[in-house]
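Listed next as structure tokens is one chain, alone, in the form predicted on its own.
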């Protein structure tokens, strides 16, 4: 009998972890037998990082017509609407992005044996494998557990991967190395009884300094920034941050939390979140909503009161006695770079991918991974290089790259040669070429536009002229998300894009919203706002125009965000507004398909519809007017007038709602009360306005806005209303598309 992975690895897996995997395997068996409800099973697998994946449900076109594949497990499901045999995605949490060569080799094997041979680095320092069959997941868990990795709580309503600055310990500007603190926090909260009753996920990040964006601590539920006060180590602590459809800037909870108070305070925050956080409505269940609802002062009072009541736990401080022993040490002595033979491409790579550590003679090297992907073969080569030139430590980065640390300067040419031989020697790390993107429509169920397709095109175009690019443009950042959920972190880039769609006659056209105005420095201290939706195929022109205008108009030393702030978003929008136009289908069909996807939205019954496609309906005009008002709200915000911004944002939502109502009830008036009443009856109560994944969330933005006078809103609340107005209008566009499809006048 062939031994299983359970047999072979029994002695290498910690007993508690082995028991958890056994229990999960039992859940699989019971679900196959129909003894566990599919929703209960779905939550169990999600807490193990086992996701469903965007898939065509076995629909295959054989050249003549679409055929449906038959699966071995028939109609058995692993969640609502997800067949058992549908491929899935496995998320593997890597605390603070830290890996060793052996772990990387195991990940390479798993990608090769159970996935498509690709390892994907996420913006939260996870590894994701796609096209995984659920029957293979217990073996994956056991092989990971044998090298010290667990997927527990990689998803679900739990503490997600604890992230940290990849330069921690070698950064020239850090207060101290946050690695052991991030590691201790991850271990302490994993499976903790006080973190099992959340209504939504909970994200934590650590940064070693206040000024740089490597840790992005201020956009997390709990963000810790290292500080030293009077010779003592501690943290500046932030709470209630988060991206998603409506981003919240984290609020300063405490200017200084001593290191010994870090874990008990994290536990107290968890207990308050678990006790008072929303449970029924997922759309308002993140910590940011609770902090906003209670107010920072009341939230702080409750947390500190909870902290005082906690019984002492030795785990709070046990790790503090091991800080020195846990510190990384070089495997080779420092030696100078001078005189070492190097390849012709070395200098360009050195300029962008090599960071001088604070330890003289050593460098940290960024391995650039286009779109966050690398193959199993490359992963094994990287493991070999890490053993040869480093102490055997690697870090995944939030920019979807990998960092090798403690490389002696003299070894840089040899390391570069090794990386090039493995296809990993691309320059451009941290530059405009290094575009970040979420999976988007490739594999994500929520994706609207092809974020990876666009990111790949931008990277290719920008890399071709990187050598002659002005340094000011070269240092810009671009981040792309396939939808409004911000997995690509589009809110914290100089140029951010997220996927939306627009109707052109009877066709749906992939678009991206353009965001500017973000400030990544100081751990993501300001978020970008949407300017205008542009057809996907014209986004490269958007990048070119804005980059050229920035170069022409910037003041000496002025950042991109500073330039946007100085000239105003109206001027920035005017630079690209004409690109929003979509040519007729007959004139250029390329606009009607997405990047790297030749399929169009046209079908054979469009002979008459193509002509009709040139007609712009009153609803289209009305939604365009609502978008203009939403943009005016942004302008008011930029001018420091939050009351006017909030009022204008509400008007934009009311206009969009009225236009939808008017499509059914042409005589509807402009009276806000009548608009809201009719909208609720015709589009909310009927669920016609509901998003397939977040239900009536966007309609609630309107209902809440009419209840809250603009004059009562704080500036940050006014900003959120502006964001919500844009989302409401996007939802109105999506609703309009569904209505057209239902009427047989459009294409998905």
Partner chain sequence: MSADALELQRFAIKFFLRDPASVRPEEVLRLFHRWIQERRVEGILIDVADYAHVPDGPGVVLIGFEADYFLDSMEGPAGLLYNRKRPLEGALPARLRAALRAALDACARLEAEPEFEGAVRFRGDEALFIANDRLLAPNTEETFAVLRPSLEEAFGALWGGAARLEREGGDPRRRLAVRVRGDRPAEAAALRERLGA
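On a predicted model such as this, the values are computed, not experimentally measured, just so you know. Residue numbers count along the first chain shown, from 1.
The discussion below concerns the form predicted together with its partner chain, not included here.
K.L.:
Candidate spot 470, 519 and 558, all three in 4.5 Å heavy atom range of its partner chain in the model of the complex?
P.N.:
Spot residues vs its partner chain: no contact at all.
K.L.:
Check each of 586, 373, 581, 322 and return the one that places a heavy atom within 4.5 angstroms of its partner chain in the model of the complex.
P.N.:
Exactly one residue meets the criterion: 373.
K.L.:
If you check 384, 671, 548, 313 against its partner chain in the model of the complex, which one has a heavy atom within 4.5 Å?
P.N.:
By the 4.5 Å heavy-atom cutoff, the listed residue in contact is 384.
K.L.:
With the cut-off set at 4.5 Å between non-hydrogen atoms, does residue 423 touch its partner chain in the model of the complex?
P.N.:
Answer yes; at least one heavy atom of residue 423 falls within 4.5 Å of its partner chain in the model of the complex.
K.L.:
For residue 118, is any heavy atom within 4.5 Å of its partner chain in the model of the complex, or not?
P.N.:
Judged by the heavy-atom cut-off of 4.5 Å, residue 118 is in contact with its partner chain in the model of the complex.
K.L.:
Should residue 621 be classed as touching its partner chain in the model of the complex when contacts are defined as heavy atoms within 4.5 Å?
P.N.:
Residue 621 lies outside the contact set for its partner chain.
K.L.:
Contact with its partner chain in the model of the complex for residue 220, defined as at least one heavy atom pair within 4.5 Å: yes or no?
P.N.:
Residue 220: no, not in contact with its partner chain in the model of the complex.
K.L.:
Work out which of the listed stretches, 109-117, 276-284, 323-331, 177-185, brings a heavy atom within 4.5 angstroms of its partner chain in the model of the complex.
P.N.:
In short, 109-117.
K.L.:
What residues in 131-146 sit within 4.5 Å of its partner chain in the model of the complex, counting heavy atoms only?
P.N.:
Contacting residues: 131, 133, 135, 136, 143.
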